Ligand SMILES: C[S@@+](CC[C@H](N)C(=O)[O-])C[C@H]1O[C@@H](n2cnc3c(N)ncnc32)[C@H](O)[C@@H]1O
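Only one chain comes next, encoded as structure tokens, the form predicted alone.
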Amino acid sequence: MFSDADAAALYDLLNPWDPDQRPEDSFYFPLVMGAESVLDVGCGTGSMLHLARERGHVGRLVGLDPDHAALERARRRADIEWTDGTAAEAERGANFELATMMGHAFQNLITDQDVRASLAGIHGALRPGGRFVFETRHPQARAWEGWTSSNPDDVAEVIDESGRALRYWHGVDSIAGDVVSISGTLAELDGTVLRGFTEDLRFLDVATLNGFLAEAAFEVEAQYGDWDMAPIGSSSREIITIARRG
């Protein structure tokens, strides 16, 4: 058996949160530490908020996620608020200074209605002038073409908390318009499959994304094509957005 709790622990192994080593984390962390109240949408196991508290954040920190197993792992730290729910269900009128949505979680919003409802929920949770910071993969980079077991950069080997040696890789199941359906496979090193995962990801282009933001009464304050804050260009792999609530 490879349980949901095991899967949550595996996520932390595959995605260690470290602003001292990972450029995406070092982009977000000063924003979080500089805001007196933060809503982390799609917080997962809560690694970012855990570290913020450990490093001295004294304001309100709230993690929001619909994944029960991930939240159970996040709740190992009790001095942060953890809420089971989606972006659309964010606390209206909470007056957060900052909302974040990391780990390309924005791409899990598949339909136009998903995007609109989520942006409305985040808008309602922010104070006037509050900022929403998130990233989505730029479709021009065609990231999905590297998600295959034949790409050594996409195959990860880890030792889990019980001491098992595991291998994890991706595959693309289908592409329909701007939605890519992928599968993840977790196996022992001898090839014994322990669990499969499926996920749909939407790849919005800049114009479409900004149209949704404007419709939701967000003003784009800045957009970058990489974590070094380079402008979006023909080789950009990311669309990193800082949007301000109007």
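Throughout, we count residues from 1 along the sequence that is shown. This structure is a prediction, so every number in the text was calculated from the model and none was measured.
Just so you know, the form predicted together with the ligand exists too; it's not on screen, but the next bit is about it.
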{"query": "Output flag, P139, F203 and I240 jointly within 4.5 Å of the ligand in the model of the complex, heavy atom basis", "finding": "no"}
{"query": "The ligand contact in the model of the complex: G63, any heavy atom under 4.5 Å", "finding": "no"}
{"query": "Partner proximity in the model of the complex: M102 to the ligand, non-hydrogen atom cutoff 4.5 Å", "finding": "yes"}
{"query": "Contact test in the model of the complex: Y11 vs the ligand, heavy atoms, 4.5 Å", "finding": "yes"}
{"query": "Contact label in the model of the complex: L49 to the ligand, heavy atom within 4.5 Å", "finding": "no"}
{"query": "Interface segment, criterion being heavy atoms within 4.5 Å of the ligand in the model of the complex, picked from 166-174, 108-116, 148-156, 123-131", "finding": "108-116"}
{"query": "Contact set, 29-45 vs the ligand in the model of the complex - heavy atom within 4.5 angstroms", "finding": "V41, G42, C43, G44"}
